[in-house]
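Given next, in structure tokens, is a single chain: the form predicted on its own.
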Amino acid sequence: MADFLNSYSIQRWLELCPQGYLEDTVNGHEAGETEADLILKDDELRTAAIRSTVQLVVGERAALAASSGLVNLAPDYPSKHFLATQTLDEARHVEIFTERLYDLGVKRADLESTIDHFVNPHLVNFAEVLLEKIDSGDFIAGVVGQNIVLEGLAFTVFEMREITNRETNPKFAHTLAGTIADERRHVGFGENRIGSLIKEHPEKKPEVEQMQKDMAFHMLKTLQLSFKHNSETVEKEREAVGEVGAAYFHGIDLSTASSEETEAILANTILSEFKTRLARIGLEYQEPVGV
């Protein structure tokens, strides 16, 4: 219990985050960094960047609602303390990705209408499955959905996008690097805390596994629709950028891979990590049908 208290204390969070990898950053990136000119000067590429960033804002809004709701559901104070810090992490993520929308030219008065226009409907359904569990007071399902499924999805997506933006858009890559560090801690908490609770409440397994199955369905549908939109601008962006160095992600070079190849490796990586993390906490991955 002492290790748990120390690893997830507010003091530890202060040392790692505000006083650590986020120190001297502005909205998650270095002061003075701006979005890449190739995006800002091309309406098609800028629209694609707005569309993809909207999904990040919506996903992080769901994470903010989930983590804040879990604070009062937590059965012990170490968990409450960690989830309180996670709530602030998620609020920061919402803020920094919203700021990116403004940097991309979205007017503040048009924020909500822009989100409504571009949001992926499957992402909305994905979030609804999770938030229904939290609204019903189910702490175990809520942490699995939030800190294993949602955070696991975010971690892998952010990791891939950080790699692809290192050379072409350092400002966005730096923003993503900080969120990756946050998500890594969130996933670790989910694995460490929920494994013991699943052992104490084995009767919860079928219900939690069904939730995971439903969330996985909407996650895969989200990726399919996202890559359908992105495939239209991938080649144009590559032509605008010109020759860049290789950007390897789980064995493929993202700088030359097709949209289909990128979608496949991303989905396979997310699902593989889901299966591993679920097994660690005593759950069996449930394959969604109709995807």
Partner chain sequence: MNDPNEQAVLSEVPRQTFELEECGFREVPKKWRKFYRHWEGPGDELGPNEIICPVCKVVIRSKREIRVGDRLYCMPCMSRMIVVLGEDGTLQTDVTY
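Positions refer to the first chain, counted from 1. Computed from a predicted structure; not experimentally measured.
There is also a form predicted in complex with its partner chain; it is not shown, and the following applies to it.
- Proximity to its partner chain in the model of the complex, defined as a heavy atom within 4.5 Å, singles out one entry of N165, T87, N192, S79, which is N192.
- The stretch that touches its partner chain in the model of the complex, counting heavy atoms within 4.5 Å, is 182-190, out of 182-190, 135-143, 91-99, 202-210.
- Relative to its partner chain in the model of the complex, residues S7, E273 and R277 are all within 4.5 Å by at least one heavy atom.
- Not displayed here, its partner chain is kept clear of F118 by more than 4.5 Å at the level of heavy atoms in the model of the complex.
- Using a 4.5 Å cutoff between non-hydrogen atoms, N72 does not count as a contact of its partner chain in the model of the complex.
- Although the partner is absent here, G251 sits close enough that one of its heavy atoms falls within 4.5 Å of its partner chain in the model of the complex.
- Among heavy atoms of A267, none comes within 4.5 Å of its partner chain in the model of the complex.
- Along 19-56, these residues reach a heavy atom to within 4.5 Å of its partner chain in the model of the complex: G20, Y21.
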